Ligand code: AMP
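What follows is one chain in structure tokens, specifically the form predicted on its own.
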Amino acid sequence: MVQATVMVIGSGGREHALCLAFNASPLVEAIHCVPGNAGTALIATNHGVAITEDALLPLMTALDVDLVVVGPEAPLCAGLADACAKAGIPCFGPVAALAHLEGSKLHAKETMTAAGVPTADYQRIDASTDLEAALDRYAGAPWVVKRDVLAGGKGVVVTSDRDEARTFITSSIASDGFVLLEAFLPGEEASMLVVMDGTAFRCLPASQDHKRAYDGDEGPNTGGMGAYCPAPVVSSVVHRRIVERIVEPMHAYLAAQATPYRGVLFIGLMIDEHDDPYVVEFNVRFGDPECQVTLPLVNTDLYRLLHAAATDGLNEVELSIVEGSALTVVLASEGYPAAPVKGRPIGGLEEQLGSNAYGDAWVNFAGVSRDENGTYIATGGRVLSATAMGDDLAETRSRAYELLSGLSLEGGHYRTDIGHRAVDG
């Protein structure tokens, strides 16, 4: 039996979810996390080194790492997978040229056009563009403006206020040189995580994220306040259309590149009233918090799945999915997302740690550290999430909120309606 050493790059809830899944694998002997958080420290060895090629490669070599899994997008766009390839270390995550699918919204649009994938009409706008004519072109529906940079999920404005759209476009051109103005796609959002390599792809169950900060999908956009999986909006008909119209052509395109795509492609979807799927965005990594609710439903050994994708062996791995559902609710710091207050103690967390394994309900750590007294402290905007599994989504949601009710954080806030589209209709 394989006794593998795995290194997970990142420090959020996604990385804790990955470590939990690797901890459940009999094929994994040791887990290392860079830099990790207080949750990964319970099941992995954290290393406080910089996420750079110069700092990481010597550590990977010293630890004799069998698989590197990159959580966030920035190291991939900076070429970490390229560096691993040169060193002969299997890396789950695409090389920089392909990570550009997330690094540049314009590149993603051009790739979709080349691959024949359905997405919203758009216009590239710079200082020479007639801005008012461009706004007129997409009038009658909310304007969708996207910066062409890595913005942590916050580089998009959707607004019916022409002045707000104009201001965001002008400021984005000033900082970035240009911006994308897109046609508004009406419908219901969903996400699909697709593991792929040069030989095959495997679609994980579709999920639905909640981006707005407050109940009823009100307030500012965030990195995600909760998610659930599977998403009922992705019916069997919709799923087939996603695979045929989006996944298959994207895989064919990406597998034909000089270095094939080896990693997970996050497909942000809009499902219209006719059950037709369109791509809103691509990410080149597991979503956060989508990862937290998708991985628990994967019955296939995670090390086997991801190592196969990193080494072009995915065609030999069958994907098995657990029946049931998973749901997670994010606890955020006061002031998140604009100006989160950090450094406050988290009450009740010690009592909820359990066995660091999946069960009825558990905590995914994100922005959490421990002080010199061993007290758990909130160190990020999204602090942690209460995650649950069950046969029925309503029951699963109740378990997650019951777990969250046992935790306390001064000024902390969370949405009380995660999963409302599926549970409440």
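Because the structure is predicted, anything quoted here is derived from the model rather than measured. Quick note: we count residues from 1 along the sequence shown, nothing fancier.
Not on display, but discussed next: the form predicted together with this ligand.
The stretch that touches this ligand in the predicted bound form, counting heavy atoms within 4.5 Å, is 139-147, out of 139-147, 340-348, 90-98, 160-168.
Note on the partner interface in the predicted bound form: the residue among 120, 243, 131, 115 having a heavy atom within 4.5 angstroms of this ligand is 120.
This chain is drawn without this ligand; in the predicted bound form, the residue among 321, 183, 200, 173 with a heavy atom within 4.5 Å of it is 183. Taking non-hydrogen atoms only, residue 188 never approaches this ligand to within 4.5 angstroms in the predicted bound form. Looking at residue 281, you'd find a heavy atom of it within 4.5 angstroms of this ligand in the predicted bound form. Among heavy atoms of residue 251, none comes within 4.5 Å of this ligand in the predicted bound form. Under a 4.5 angstroms non-hydrogen atom cutoff, this ligand in the predicted bound form lacks residue 259 among its neighbouring residues.
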